[in-house]
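In structure tokens, the next block holds one chain alone, the form predicted on its own.
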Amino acid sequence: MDLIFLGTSSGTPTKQRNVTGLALLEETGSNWYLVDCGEATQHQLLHTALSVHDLQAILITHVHGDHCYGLPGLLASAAMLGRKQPLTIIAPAGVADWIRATQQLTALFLPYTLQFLSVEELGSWQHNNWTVRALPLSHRVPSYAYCFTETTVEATLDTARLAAEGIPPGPLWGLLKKGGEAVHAGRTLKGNDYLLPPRAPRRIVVGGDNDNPDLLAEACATAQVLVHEATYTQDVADKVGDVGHSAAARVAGFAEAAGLPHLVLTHFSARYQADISASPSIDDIRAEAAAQYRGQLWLAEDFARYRLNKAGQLSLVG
């Protein structure tokens, strides 16, 4: 699965960063999911190859505007671009009321059905080969993380053993991979003898605004990737007080204790400048997190694209 960041600023956009939006793209085909939809998300999409026709679901973490104010515009544009298939929206219950009121008061006609699922009652939702769970967080309003877990892991064929035994690639390999039996050179081969133990399913946890990363401990115990806000450095967080956000040090310390292999920080306060010679700069967040975390650390940028491969390794691909 690929992660494409459409916005990495908190509260307000900057010249380099839009407000929050994250696309998760399935590795086969063009199906994708959108977590949060800050204002101008539809503009950000114009700089990607993502199509509103392939959008499978929109998942909103909480009702603050920098996470959802782009939703009416995106839905309207999808209609004007000819979308017809239903669209699932997983969000706090109030979002459904807001969108319905917007449709009524602005004469917004959608030629496709919106299927609203209340995050408060979600439990889990499955689509294609991914199961999504909602996890409550700590913020000034109810906020949630979404945990994406691979549902089915295909068995891997031990091709090295097959080659060593002189069994040539072709239909026999396909039959054995399905667990069947095949005859080769007078021998009966059993598929289960040539299947490697299944790998761990991939899991990605995407947090909404949250001042207590420990709430994600259970989900992160078997996750390869955590995407979490790091709105401030600790010194700034101490000055602004209790606003329901995490400092980089706290998130990084949690990720280290949880043994997470990959941590992607996002949702940076607009006060952190891109110029690392300025103060405060985005490099201050990087340095604070790196002091606490020994895994692979990323500070997301708009349009950065990461790929989580089947081996559970995350890499920057664009």
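We number the residues from 1 along the sequence you see. Computed from a prediction, not measured in an experiment: that's the story for all the values here.
Below, we turn to the form predicted together with another copy of the chain, even though it does not appear here.
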Even though the partner isn't displayed, in the model of the complex is T14 close enough to another copy of the chain, meaning a heavy atom within 4.5 Å? yes
So, E288 and another copy of the chain: in the model of the complex, are they within 4.5 Å at any heavy atom pair? no
Heavy atom of S77 within 4.5 Å of another copy of the chain in the model of the complex: yes
I'd like to check something about H47: if you look in the model of the complex, is any of its heavy atoms closer than or equal to 4.5 Å to a heavy atom of another copy of the chain? yes
Report the stretch among 289 to 297, 62 to 70, 23 to 31, 276 to 284 that approaches another copy of the chain in the model of the complex to within 4.5 Å, counting heavy atoms only. 62 to 70
Answer key, another copy of the chain contact in the model of the complex at 4.5 Å (heavy atoms) among V52, A258, A40, A249: the residue is A40
Consider the chain as shown here, without its partner, and state which of G191, G244, G94, P201 has a heavy atom within 4.5 Å of another copy of the chain in the model of the complex. G94
Hey, which residues along 88 to 113 are within 4.5 angstroms of another copy of the chain in the model of the complex, non-hydrogen atoms only? G94, D97, W98, A101, T102, L105, T106, A107, L108
